[in-house]
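In structure tokens, one chain follows: the form predicted on its own.
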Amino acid sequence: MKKEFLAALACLFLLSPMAAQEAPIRISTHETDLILTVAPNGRLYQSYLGKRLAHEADLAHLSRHTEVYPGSGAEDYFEPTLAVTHTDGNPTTILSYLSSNTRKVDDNVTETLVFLKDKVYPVEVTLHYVAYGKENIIKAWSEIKHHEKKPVDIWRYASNMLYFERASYYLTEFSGDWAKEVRMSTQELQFGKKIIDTKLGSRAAMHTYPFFELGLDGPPREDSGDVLLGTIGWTGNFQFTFEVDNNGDLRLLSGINPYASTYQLKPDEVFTTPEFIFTLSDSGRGKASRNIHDWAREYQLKDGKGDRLTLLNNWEATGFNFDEQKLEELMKEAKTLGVDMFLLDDGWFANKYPRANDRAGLGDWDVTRTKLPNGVPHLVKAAKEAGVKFGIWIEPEMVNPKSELFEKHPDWVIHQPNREAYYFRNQLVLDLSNPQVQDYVFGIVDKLMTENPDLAYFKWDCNSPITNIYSPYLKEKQNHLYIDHVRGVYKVFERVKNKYPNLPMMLCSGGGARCDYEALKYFTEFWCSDNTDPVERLYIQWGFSQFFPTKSMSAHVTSWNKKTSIKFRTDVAMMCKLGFDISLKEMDEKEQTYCRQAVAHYNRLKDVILNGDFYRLVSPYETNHTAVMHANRNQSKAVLYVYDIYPRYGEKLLPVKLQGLDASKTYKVEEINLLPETRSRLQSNGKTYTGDYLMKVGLPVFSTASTNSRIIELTQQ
């Protein structure tokens, strides 16, 4: 009886407000607090995640909730963050707090390290938290190591866990496939687990995307309510687990998907998990998006503060069917358009098995002599003579079975040794866990750059997930393949960036299937989708804009959906990083004139478009229209984009209320990007309004015309 009483008393003490000796660990931005507390039992608990608390003394009143990094096999019956099978076969790990420290990286950034250790087994975990003050972003990851005499198996290794006590939870997830990327859907989370994960290895985000939105106490809304936006920096199999427990509380775990990836960790080896990046907004998803956009441009995206090259790509105009003459003509068209660069896409390489289609040649990166007898140097020179830069497409992580590379090095390829191969898009994936393969892939870029130092840009594609799962290099450690392959990809990216730090590169993966912030440390932009139908792009760009600044999102004007005007197609692409993938020969004289004027407007407004605050005003998911806008930081210039998709006859048209303006300033409204010999029908064109009026009353800018668009420039007077 006495033992039962003491046990109950101990349990009550653990659940009572903080009375431990250790001071709370405070991880703070200007707007958010994440508070961790050490309990009398020596373990670490989350006490608070929410709006920043104004008074330090109030931290002592916080109650402990759930363990910050729970191991497997103890008294917590929910999904663990860490699971280890020790050398004696014991699957239990219980982590106790050792110490922590916080350092100031600069005036805006702090880093907190928390050290945990199992008292029975020599297993150690270091939790990392980096807080970005004004951007309101927290980055979290973990490092796992041990000092047992032999390797141990780790089969759960989350980056982070967050805990919520709210009335309800609504998850917005992003799913899709080729040409239908980032389709948004929202559901209420009920008791049990909801898991978002991928098992594709490479081209990992083909079906689901490494980010989500979590509405707290209600569905995520654009401009009101509490919402958390989260994303993981991992270019491979990821997993988000949302577990609502028996009390109606939510545990959110993020990390690498442990599917087929039990990892044999050697003594003193450090296993570093990916970064989980999140922001908590009390003013809806719009503010949360702008937080991430600001953080990405300042800290994560390659050359996040720099310019972006407009371009003309040849793919839609020529496909695989081109020669030097055709390309030189397109280079001249690029100059006529006024863009910065000509980009040569797929089909320029391989000789024994020339790249005339997607069934051969991939892996053989010598220029096709019958098609381009003077090689890449001639093309670089021709582009320079035409007055534009030259960029090139590569897919260096892949191989066609019909290639010299596969014939010489089948052991460099992920494929089964004893089964018939399955080919996705007629290709296989090179085994980037193999250092020799890493050298080969880096050498593709290095050779092109060494021979062509004026080469200005790479489009780096990745068109296949990993199939036929087996690594000839890893042999008995096949469970390491999904993880070590991605690590090998990063090693190549790092080598390219170190040697060519100022080289712009586009991240592409059969469209938008690579879109994570770890990869974007090495790329200036990514290709959102192969689907360039402007109507579909309105939804795709709306979805990606939740997490990525527009300067990172490549959008091209093409001949997809010719029922729409060249103006509508261009106006849709102009909200992002602008490019063209169309021949001027497909356009009449007025359309060509319009495109040149549009490029001139884009260049004039590029700083606002690429670096301004982005506001989503009217959702295509909720109406037959959509509208978004950019506003620069001093609120002196803004660009409003308005699109009528498929309005119904006689429907009621509401004014669009703007955001991001200074209420006390006056702005002139001017419609730009008009077709030649046409005038604006916008009632407010040429008039001036206060920012207060534009944000509270708005502008009547929609119409009942299908696939109609307007771009409106607002200038402080």
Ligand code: DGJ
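Each residue number is its position in the shown sequence, starting from 1. Nothing here was measured: the structure is a model prediction, and the numbers come from that model.
Not on display, but discussed next: the form predicted together with this ligand.
- For the marked spot (D346, R425 and K459), a heavy atom within 4.5 Å of this ligand in the model of the complex is present in each of the three residues.
- In short, of 543-551, 461-469, 566-574, 431-439 it is 461-469 that has heavy atoms within 4.5 Å of this ligand in the model of the complex.
- Among residues of the shown chain, P210 is not one whose heavy atoms approach this ligand to within 4.5 Å in the model of the complex.
- Although the partner is absent here, G510 lies within 4.5 Å of this ligand in the model of the complex, judged by heavy atoms.
- D530 belongs to the set of residues with a heavy atom inside 4.5 Å of this ligand in the model of the complex.
- Using a 4.5 angstroms limit between non-hydrogen atoms, W393 touches this ligand in the model of the complex.
- Note on contacts: among Y263, Y121, Y97, W315, the single residue with a heavy atom within 4.5 Å of this ligand in the model of the complex is W315.
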